[in-house]
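To begin, one chain is listed below as structure tokens, in the form predicted alone.
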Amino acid sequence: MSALKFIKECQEKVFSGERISVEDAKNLFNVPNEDLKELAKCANEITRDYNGNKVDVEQLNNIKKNACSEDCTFCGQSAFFDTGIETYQLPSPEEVVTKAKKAKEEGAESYCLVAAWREPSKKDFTNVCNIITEINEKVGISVECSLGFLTKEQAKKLKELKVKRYNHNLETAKSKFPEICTTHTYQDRLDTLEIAREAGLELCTGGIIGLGETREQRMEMTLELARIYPEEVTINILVPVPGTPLELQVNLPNSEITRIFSVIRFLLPESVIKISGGRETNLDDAGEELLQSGANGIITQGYLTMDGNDAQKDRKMIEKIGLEA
């Protein structure tokens, strides 16, 4: 069977409500480069059919940026590496509310509170809960959180505070993970996702591509995401941070980036698939092509340790390709 015919057959399975098999997903991941346009086109048609033309636009607030105890080799916030990144502690609820209001005015549908630590202390968690309460009362924007490892009690509390979604990334494939982090395990991350789901929180998980992993390892991570079936997948593209072990890592070809976004869409037709950190520096068009190749979400304005595109610039980009911000 030709690759083009195989791609269409997989698309028909998705349209009929059938989940494609692991074997189908592996074959899609390895279609020849000359057939990537068809793969991306079919992924885009799945996106439009299941999700319409709306692009999920999110803003982040890195509410605690300091020396994290974990040794993730890509991260500029790790205490293990000298990266010279500015650090600060938790801001007041008033400061966060001001930024959340601005995000809403700029068209963001969700606002994600992110903190650089292994897990929140009792005091820090109480302070984060106060911040969430203030946002709920004074802004009225969907709140999401990325706070590291959680206890069951903490997850239940976030649900009570109407937090919609909890982000905790796999980071990479299980087979690659020991090269990326030694201070916690891949299973620790899966356990946190399970705790969040049991508490009734929606899940956002994904990882970073371009860490030096193989295509097979990107496929391994993709299949794990399909198994978890999160409401949102977030894929970052590595921006090497000076001072980290990956500072000299070579960029992935754009074709490999398109490949993973498209295949994820075949596996997770209903999920938000978000282009996250690195799109502005790794992609020629800051995401236009990927938003027509399976993705239907972006993070705007900036990330944890780097700036991003201006919200208005991203809005124009989305409208330019006929989609809705």
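All residue numbers refer to positions in the sequence shown, first residue = 1. Only a predicted model underlies this, so the values are computations on that prediction, with no experimental measurement involved.
Note that the form predicted in complex with S-adenosylmethionine isn't included here; everything after this is about it.
Note on contacts: among Q154, S146, N251, S142, the single residue with a heavy atom within 4.5 Å of S-adenosylmethionine in the predicted complex is S146. Only one of the listed residues (L225, V96, V128, C75) places a non-hydrogen atom within 4.5 angstroms of S-adenosylmethionine in the predicted complex, and that residue is C75.
Not one of S262, L283 and E288 places a heavy atom within 4.5 Å of S-adenosylmethionine in the predicted complex. With S-adenosylmethionine left out of view, the stretch that reaches within 4.5 Å of it through heavy atoms in the predicted complex is, among 154 to 162, 193 to 201, 67 to 75, 131 to 139, 67 to 75.
In the predicted complex, N169 approaches S-adenosylmethionine with a heavy atom inside 4.5 Å.
Within 4.5 Å of some heavy atom of S-adenosylmethionine in the predicted complex lies at least one heavy atom of R189. Taking the partner from elsewhere, N236 is found to have a heavy atom lying within 4.5 Å of S-adenosylmethionine in the predicted complex. When contacts are judged by a 4.5 Å heavy atom cut-off, V114 counts as touching S-adenosylmethionine in the predicted complex.
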